[in-house]
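The data below hold one chain only, encoded as structure tokens and taken in the form predicted on its own.
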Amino acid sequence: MRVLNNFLFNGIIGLGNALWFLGEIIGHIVRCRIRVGDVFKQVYEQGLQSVVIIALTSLASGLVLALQGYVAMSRFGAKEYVAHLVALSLVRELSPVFTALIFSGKAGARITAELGAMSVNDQILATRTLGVDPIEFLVVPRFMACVVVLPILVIISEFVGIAGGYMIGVYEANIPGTFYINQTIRAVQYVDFFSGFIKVFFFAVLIGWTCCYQGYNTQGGSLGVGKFTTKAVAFSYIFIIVSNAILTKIILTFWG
């Protein structure tokens, strides 16, 4: 019982510190204390680090979705609806979730490791000693870059995944290319695209918040950097999966 009480107490304290940390980040953003040059630098580094693996994953997802959909729908004489299956699956669910998971494992881990190395080497403390706010100088650019980069990567993921589905639909299912494209455009409505981007925004905030917080509070030397980086990625995965289930329920309830 005592162990459980200590676990709950530490959990509440940790949640409070994390919320306070997020409040400081938002406070800097609201007051426009943003180093734009550093943000663009982080956007370039985070996007370049993740785009290739996300494109490959999305292409494979589109190919597999179209292939499985073609096999299943051919039994009912409805192979023309493969385009609907691929487009809606990618736009509503797969592209936002897969992209967020890959991004947190690549760019998120890098953010945590960078801030963690600075923390254990007292660079964050030195920054504060020099009169520079480390939240503004180190954390806000990385957080803002997550919010900017992830939606761009999701758009790339959707286009690449749909292209993979197009390849199977045209060359395997023998669906006319023009017809496949028209069906894709008709399948994706504004609400589908909008619901996907609601999720992306939440995922970006969760990834940036979690990875920056874990990196900023890293302790224990070089071993601590690895430990906190692993913790940041694990927490990001959990938050993405849980929030996706909650947001999907809310979106389907209000928009269908």
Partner chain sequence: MIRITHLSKSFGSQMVLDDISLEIQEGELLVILGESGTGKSVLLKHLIGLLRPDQGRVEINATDITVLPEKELLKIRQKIGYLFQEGALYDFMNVFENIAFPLREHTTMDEAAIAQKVRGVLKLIDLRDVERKYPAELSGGMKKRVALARAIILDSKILFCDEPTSGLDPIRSRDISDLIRDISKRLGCTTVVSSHDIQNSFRIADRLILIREGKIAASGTQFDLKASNDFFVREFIQ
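Positions refer to the first chain, counted from 1. Computed from a prediction, not measured in an experiment: that's the story for all the values here.
Although not depicted, the form predicted in complex with the partner chain is the subject of the following passage.
- Although the partner is absent here, Thr178 is not a contact residue: none of its heavy atoms lies within 4.5 angstroms of the partner chain in the predicted complex.
- Using a 4.5 angstroms threshold between heavy atoms, Met118 counts as touching the partner chain in the predicted complex.
- In the predicted complex, at least one heavy atom of Val132 sits within 4.5 Å of a heavy atom of the partner chain.
- Contact check for Ile155: no non-hydrogen atom falls within 4.5 Å of the partner chain in the predicted complex.
- Checking 137-145, 83-91, 96-104, 158-166 against the partner chain in the predicted complex, the stretch whose residues place heavy atoms within 4.5 Å of it is 137-145.
- Checking Ala126, Ala78, Val71, Val170 against the partner chain in the predicted complex, a heavy atom within 4.5 Å turns up for just one residue: Ala126.
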